Every structure is written in structure tokens, then in C-alpha cells.
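Let's start with one chain on its own, the form predicted on its own, as C-alpha cells.
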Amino acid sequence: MNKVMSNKWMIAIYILPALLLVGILIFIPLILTAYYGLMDWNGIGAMEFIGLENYINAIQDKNFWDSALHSFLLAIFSTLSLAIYLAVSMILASKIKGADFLRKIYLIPMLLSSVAIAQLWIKVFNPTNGILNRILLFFGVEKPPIWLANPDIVLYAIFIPILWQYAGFYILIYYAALKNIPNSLIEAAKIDGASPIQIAYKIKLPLIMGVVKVTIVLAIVGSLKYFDLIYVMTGGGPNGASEVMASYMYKLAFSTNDFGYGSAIGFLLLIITLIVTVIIRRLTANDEEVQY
């Protein structure tokens, strides 16, 4: 085996299939997207080279920057919600009664498709028959909001099912990380008189900080490219109030048949996501390794 692994040609032969697969599935589509962004093209007919015109128009496009702002707001809400998921995970990991049942309940949204979740929450937000407005009417609210038709609140309304959809995913990650902490550390802290909050803040959190940083990156990057549930629930409306970068790109490419401009938006979305990812990785970089 050592003789084989020391042969550069053998190493190249072994990794060649993986490199080809990555090139075909990732790099070629990226290059084609950037290339189509240089064209005036409806997706079917002949392409006309127009240089950087689509990219310049995108940078000057107010709707694009509005959709980018909405995506960043979703990223902020998703990141803040991680604190709630972490708190729930710590409670579940503390051997409370019914923890196994609650952990399975939190995983249910992960089993549902985004379309099913969107249809479920459309019914919840229904202004006349939805359970949310019925509860508000029960508590004396005379004019409950029209959640998905009000431009001022629709964006925050659709954030709720998105955060609900991924709660189980992050809780599962945190729960697994917490269960890997040696119980002897927790018991020693208890003997020293540490309170549950002190144990959580000074022992558990530092020990799983590496996992927390990874989930921050996942939450932000996932939010920037989020699409399906928003598109099903509102289609980016009303009047673009819930438009995000991915839905704006889809609308341009497949609804208005401006495939060249949509490709330019898609490539800019990739660039923005990469820049944000690098910044987050820099901010959360830490060479210190936790030793149990």
C-alpha cells in the first residue's frame, strides 16, 4: 500500500474520477453561468454577446439590492435563531423527562418537503380561516394582519416557517456535540458548586464552539441561497416585498425569459455568497483546539 501511495501516477488515477465528477457537476455549470451572463439570450434562441452589460445592469438594479437585503435579513434571523436551537439542545441533553420524544418532534419538519411546509403555513397564515388569526381574534384582536399580503410584515411572516423547518437540523447537530462532552467534566463542575447556567456558559459552550461556528456558516450561506419555500408561499410578492436573490434570479430567467440577465444575477449571487463565507471563516477562525 505504501508503495502504491508513493506513486504520483497511481494517486492521480485514483482521484481522477472524483475530479471529473466535481468538474462536470460544479465547475462547468459555474463557468457556463458566468458565460451566459455575458449574453442577451432568452434561453432558446440565438445568443448575442453584450459583454458586461448584464452585470452592470444588475449592480445598478434596485430590485436586485432589495432582494439581497431580504436575503441578508434572513441570514441574520437564522443566525440569531441558533441561540434558541442551542438552548433547546442543552435542555434536551440534560436528561429531562421526555427528552427522546421531544427530540423526535423537533425532527418532524426535516421529514417534510419545502412545498408541503409552505402549503401548511399558507393555511396557518390564512386571514379568514387560518389558525393564527383565529387565535388573535379569540384574544380580542379586532383586525388581525393579512400576513402574506401586507408588504410590511410578509418578509417576517415567511421567516417563521423557514426557521421552523431547520430547527430539528440544528438541534440535532448541537445535541450530538453536547453528548460528546465527557460527563466527568459536568460532574466535577457540579461538585465545585457550578450552577446549570454556569456549566452551560463556561463549560459546554466553549467545548462545542467549533460546531457552533460551523452552524453559523451553514445558516448564513443557506439563507443567502434560500428559494423554494418563499417562492411557493409568496412568489416574492407582494410587489417584491419578500423577494430574495435566488427567487429574483429564477423569476428573471424562467418567468421573463431573460436568461442572460438571470445568469448574471445567479453568478453575482455566487460571488456574494463566497465573499460572505470567506469573511465568516476569517471572523470565526481559531487555531486553539479543545482538549477534553
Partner chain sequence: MNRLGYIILYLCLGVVAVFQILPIIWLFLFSLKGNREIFAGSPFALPKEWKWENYLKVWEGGIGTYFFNSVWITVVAIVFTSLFASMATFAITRMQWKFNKFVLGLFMVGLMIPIHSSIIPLFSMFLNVGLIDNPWSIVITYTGYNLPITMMILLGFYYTLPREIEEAAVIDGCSIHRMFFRIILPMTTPVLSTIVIINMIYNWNEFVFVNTFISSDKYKTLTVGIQNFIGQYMTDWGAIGATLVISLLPILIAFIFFSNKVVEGISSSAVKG
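Positions refer to the first chain, counted from 1. Definition used throughout: the rigid core is the maximal C-alpha set that superposes within 1.5 Å between two forms. Just so it is clear, the structure is predicted and the values come from calculations on it, not from any experiment.
Not pictured, yet referred to below: the form predicted together with its partner chain.
Peer 1: For the three residues 76, 153 and 201, which mark the spot I'm curious about, does each lie within 4.5 Å of its partner chain in the model of the complex through at least one heavy atom?
Peer 2: The answer is no: none of the three residues contacts the partner (heavy atom, 4.5 Å cut-off).
Peer 1: Classify residue 163 as contacting or not contacting its partner chain in the model of the complex by the rule of any non-hydrogen atom within 4.5 angstroms, answering yes or no.
Peer 2: Judged by the heavy-atom cut-off of 4.5 Å, residue 163 is in contact with its partner chain in the model of the complex.
Peer 1: Is it the case that residue 53, even though its partner is missing from this view, gets within 4.5 Å of its partner chain in the model of the complex, heavy atoms only?
Peer 2: No, residue 53 stays farther than 4.5 Å from its partner chain in the model of the complex.
Peer 1: Give a yes or no for residue 65: in the model of the complex, does one of its heavy atoms lie within 4.5 Å of a heavy atom belonging to its partner chain?
Peer 2: No.
Peer 1: Indicate whether its partner chain has at least one heavy atom within 4.5 Å of a heavy atom of residue 111 in the model of the complex.
Peer 2: Yes.
Peer 1: Tell me, out of 189, 149, 124, 137, which residue has a non-hydrogen atom within 4.5 angstroms of its partner chain in the model of the complex.
Peer 2: Contact check passes for 124.
Peer 1: Go through 173, 207, 220, 157 and name the one with a heavy atom inside 4.5 Å of its partner chain in the model of the complex.
Peer 2: In short, 173.
Peer 1: Choose from 127-135, 181-189, 141-149, 67-75 the stretch whose residues reach within 4.5 Å of its partner chain in the model of the complex, heavy atoms counted.
Peer 2: Contact criterion met by 127-135 only.
Peer 1: With the partner left out here, which residues of 223-250 have a non-hydrogen atom within 4.5 Å of its partner chain in the model of the complex?
Peer 2: Those in contact are 225, 227, 228, 231, 232, 246, 249, 250.
Peer 1: Rigid core aligned, does the Cα position of residue 271 differ by 2 Å or more between the shown form and the other one?
Peer 2: No, residue 271 moves less than 2 Å.
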